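Next comes just one chain, in C-alpha cells: the form predicted alone.
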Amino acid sequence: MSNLDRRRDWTVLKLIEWSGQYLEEKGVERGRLDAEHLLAHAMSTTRLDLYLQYDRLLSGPELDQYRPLLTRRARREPLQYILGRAGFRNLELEVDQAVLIPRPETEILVDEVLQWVSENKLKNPVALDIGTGSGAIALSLVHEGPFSRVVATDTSSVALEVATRNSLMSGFSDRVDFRLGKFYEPLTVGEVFEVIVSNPPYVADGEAQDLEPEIREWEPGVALYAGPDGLAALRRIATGVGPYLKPGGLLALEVGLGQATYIMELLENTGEFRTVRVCRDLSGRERVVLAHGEMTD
C-alpha cells in the first residue's frame, strides 16, 4: 500500500488499474472489478459512473475513504461485507458476518419453488424457510410469488436481526414471521405449510481447509458446517418434514456436491412423496432436491 500512501496524483483510472493488480497479487480473483466497486463506494457514486470520470483526480478525503476498504479486501474480507450489501434476485440485502452471503445457486432454489407454485396454481400459500440467514429466500418468495406469509427460522438471533432489517427495507415485514430456533422447533402444534424450503449448512467439518479464505475466515461457521459428512442438517430436515408439510406439498433443499443422491434416497424411503427429483445449477452440479406429491384441495 506504500505507493498509494505516497502518491497524490491518482486519477480514477490509474487507481483502478493499480488496485486491481494489487488485489490479484493478494489472491483476489476479480481484482479490478472489486476495486471498481470499492472506489465507487468510497466516492458515493456508481460503478458505471466511474467510467465517465476516468481522468479525474482523487481528492485527499476520497483516498482516505478508499484506502481502508482496499486493505480489507486485500485481507480477503468478502466484498459484500465491506460494502454491507449483496444483491439477490430482485432485492438488495444488508449483509454482515452474522449471515451467509446470498449466492446465485440459491436463486435456482427460489426459481424451482416459484415454478412449482405457479404450475400448481396455488393461491396464498404459506411457506417455511429453515435457516433464513439474511432473509433472502423468504423475502424473494413474498416479493415474487403468491405467498401470503412465510415463516422464517434461524438458530442465530443476530442473523434474525439482519433478516428483520431486510424485511423492513423491502417492505414485506408484515408477511414474514421470523422465529428463533433449530429446524422445526419454533413451530406450533398443527402448523403446516404448502412449501418447506431450506439452504442449510452442508459443508463437512473436515472440508473447511478447501474453502476460499473469504468463506472459511469470514462467513459464519454455524451456517456452513454440518458434521463429519456435511449431511447433519439436511438429514434432520428431510426426516422430520412429515408433520409440517401439507399433503402434496413441496420440500425444496439446496445440497452440496455429491449429496443429492443420498438425500433423494432418504426422501424416497419415507414414502411421503410421489416425486423426488434433482435440479442442476449453471455449472451442471446437482444443486437442488425437490420432493412433492399431487396437491389436493
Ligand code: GLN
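Numbers follow the displayed sequence, beginning with 1. Please read all numbers here as calculations on a predicted model, not as lab measurements.
Although not depicted, the form predicted together with the named molecule is the subject of the following passage.
You can rule out all but one of 99-107, 78-86, 113-121, 162-170: in the predicted complex, only 99-107 has residues with a heavy atom within 4.5 Å of the named molecule. Using a 4.5 Å cutoff between non-hydrogen atoms, L91 does not count as a contact of the named molecule in the predicted complex. Though the partner is left out of this view, Y202 does reach within 4.5 Å of the named molecule in the predicted complex, counting heavy atoms only. Among residues of the shown chain, V126 is not one whose heavy atoms approach the named molecule to within 4.5 Å in the predicted complex. Although the partner is absent here, L187 lies well away from the named molecule in the predicted complex, with no heavy atom inside 4.5 Å. Screening I196, V176, A223, L141 for any heavy atom within 4.5 Å of the named molecule in the predicted complex leaves a single hit, A223.
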